[in-house]
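First, one chain by itself in structure tokens, the form predicted on its own.
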Amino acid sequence: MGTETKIREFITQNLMVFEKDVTFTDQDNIFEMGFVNSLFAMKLLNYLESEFKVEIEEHDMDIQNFSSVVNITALIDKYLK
């Protein structure tokens, strides 16, 4: 399973919504859509560091890096290179 797929699955399983059939694209800003909150952001950070065996540095702790599946994947790919 690829990086993007793992990230998408994690986000989908942890969305803060009450509707069953929520859809979003890999480019959608999940924070602007109201699907996630700051607690989710910390959970996401913990997941990413654990799943991909990386330590995300403070200068990369910008909300934009975590706002979409595409941006998160790019951030993780940067650490995996």
Partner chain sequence: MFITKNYSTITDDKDSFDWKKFFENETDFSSDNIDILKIFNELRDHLSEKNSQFGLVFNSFMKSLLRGTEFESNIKILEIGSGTGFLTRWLLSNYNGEGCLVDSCNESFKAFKAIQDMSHKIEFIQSDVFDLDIKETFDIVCSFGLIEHFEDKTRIMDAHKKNMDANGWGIIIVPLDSPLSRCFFEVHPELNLGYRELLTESEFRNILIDNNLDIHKIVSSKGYVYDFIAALVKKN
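Residue numbers count along the first chain shown, from 1. Values in this document were obtained by computation on a predicted structure and should not be read as measured data.
The same protein has a further form, the form predicted in complex with the partner chain, not shown here; the description that follows concerns it.
Within 4.5 Å of the partner chain in the model of the complex, a heavy atom is found for all three of Glu49, Glu58 and Met61.
Proximity of Phe31 to the partner chain in the model of the complex falls within the 4.5 Å heavy atom cutoff. Residues of 41-55 placing a heavy atom within 4.5 Å of the partner chain in the model of the complex, in sequence order: Ala41, Met42, Lys43, Leu45, Asn46, Glu49, Glu55.
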